[in-house]
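Okay, here we've got a single chain as structure tokens, the form predicted alone, with questions on binding and movement later.
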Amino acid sequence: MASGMAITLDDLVKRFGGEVAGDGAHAVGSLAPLDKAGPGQLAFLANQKYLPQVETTRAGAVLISPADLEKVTNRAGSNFIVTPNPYAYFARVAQAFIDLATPKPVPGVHPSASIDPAAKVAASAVIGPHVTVEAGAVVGERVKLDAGVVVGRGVKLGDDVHLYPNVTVYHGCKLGARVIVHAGAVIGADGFGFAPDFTGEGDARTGSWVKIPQVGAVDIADDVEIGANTTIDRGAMADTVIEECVKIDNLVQIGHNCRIGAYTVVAGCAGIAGSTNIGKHCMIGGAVGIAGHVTLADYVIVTAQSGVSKSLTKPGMYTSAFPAVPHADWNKSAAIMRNLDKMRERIKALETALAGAPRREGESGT
């Protein structure tokens, strides 16, 4: 990853903290893996299994923890930035390099954009081609709306929001400062609410589903990031709420009236049904399905492909998915599972028979 500008290790430490072990005047201009980095690049060690590569890397410097630096036997000619969390440090440096390499956007409104006269758009905002901003919307300072974005009536976008191409934010929704929403995401579509109104049975059944108006909105706090083609439904009456610094992957469905607690992360293809409350600092794995009207405590981890059908009231890791096994083994296990009810009845019968059987001399009753 090229940044287009080199930064000395001393300057990096002044900006991001840590300590230099080696030549602080050495400059780096990009990031690279340990096994591919050159003298002008910065690498990092965040996994113990790559420790041997630190001895052989050609990187200009390595981000490393104090404990791992103690394990490096040959430091001659090498430079290090010592920090407790090299991975997070790497992320911050990567952001800085991208900022240096990216041309600064020019504020203004593209001629093809449609801005309602009753909308308020900050002069510092960047409004791209074919963007629509409806009446009553408020677009904050330095907001960037890429091509094809639709901002509905009464929407409020905080400062430094970035909506990638073809994002749609329905009426009345609110996005806090520095929210990032990736391409194709939909914020504030109607929640899935229909009341059954049927009479009769079988072929004689008549009636229909009656749509329940979804008059709530979506309230997204500061520093949230939402992945491509993710959908977050508006509430039926109260708002759907996404608290600060939540990170949501691509292709996630969040139903109406959910609340996602601060600093929680949700991986791709997860589906969260309506009126679910997820606590703070939770981790929801890929393809997890969570039933409606359940609560997850703070610090809950749900592993990939698990199904959650009831509340998880204590912190910890939860798993329900069956790991992949050879097909023949699965068939054997499935056959056993189909007969569990019969096995249960046989065990109960054996227990009853044993309980009524006369004890042999010398046997205790325990």
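Numbering starts at 1 and follows the sequence shown. These numbers come from a predicted model, not from an experiment. Between two forms, the rigid core is the largest collection of C-alphas that superpose within 1.5 Å.
From this point on, the text means the form predicted together with another copy of the chain, which you will not see here.
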Note to self: With the partner left out here, check for me: in the model of the complex, does some heavy atom of Ala76 sit within 4.5 Å of another copy of the chain?
What the structure shows: no
Checklist line | Any non-hydrogen atom of Tyr50 within 4.5 angstroms of another copy of the chain in the model of the complex | finding: no
Next item on the list: May I ask you to check whether Lys156 falls inside a 4.5 Å heavy atom distance of another copy of the chain in the model of the complex?
Entry: no
Check: Is Phe80 close enough to another copy of the chain in the model of the complex to count, meaning some heavy atom within 4.5 Å?
Finding: no
Checklist line | The single option of Val265, Val126, Ala177, Val121 touching another copy of the chain in the model of the complex, heavy atom within 4.5 Å | finding: Val265
Checklist line | The unique member of Val294, Ala228, Val109, Ala221 whose heavy atoms fall within 4.5 Å of another copy of the chain in the model of the complex | finding: Ala228
Notebook entry, point to check: What residues in 230 to 264 sit within 4.5 Å of another copy of the chain in the model of the complex, counting heavy atoms only?
Noted result: Thr230, Thr231, Asp233, Met237, Cys245, Lys247, Ile248, Asp249, Asn250, Leu251, Val252, Gln253, Tyr263
Note to self: Superposing on the rigid core, is the Cα displacement of Asp197 between this form and the one not shown 2 Å or more?
What the structure shows: yes
Next item on the list: Classify Ile347 as shifted (yes) or not shifted (no) between this form and the one not shown, where shifted means its C-alpha moves by 2 Å or more with the rigid core superposed.
Entry: yes
Margin query: Quick check: Gly207 between this form and the one not shown - does its CA shift reach 2 Å or more after fitting the rigid core?
Written below: yes
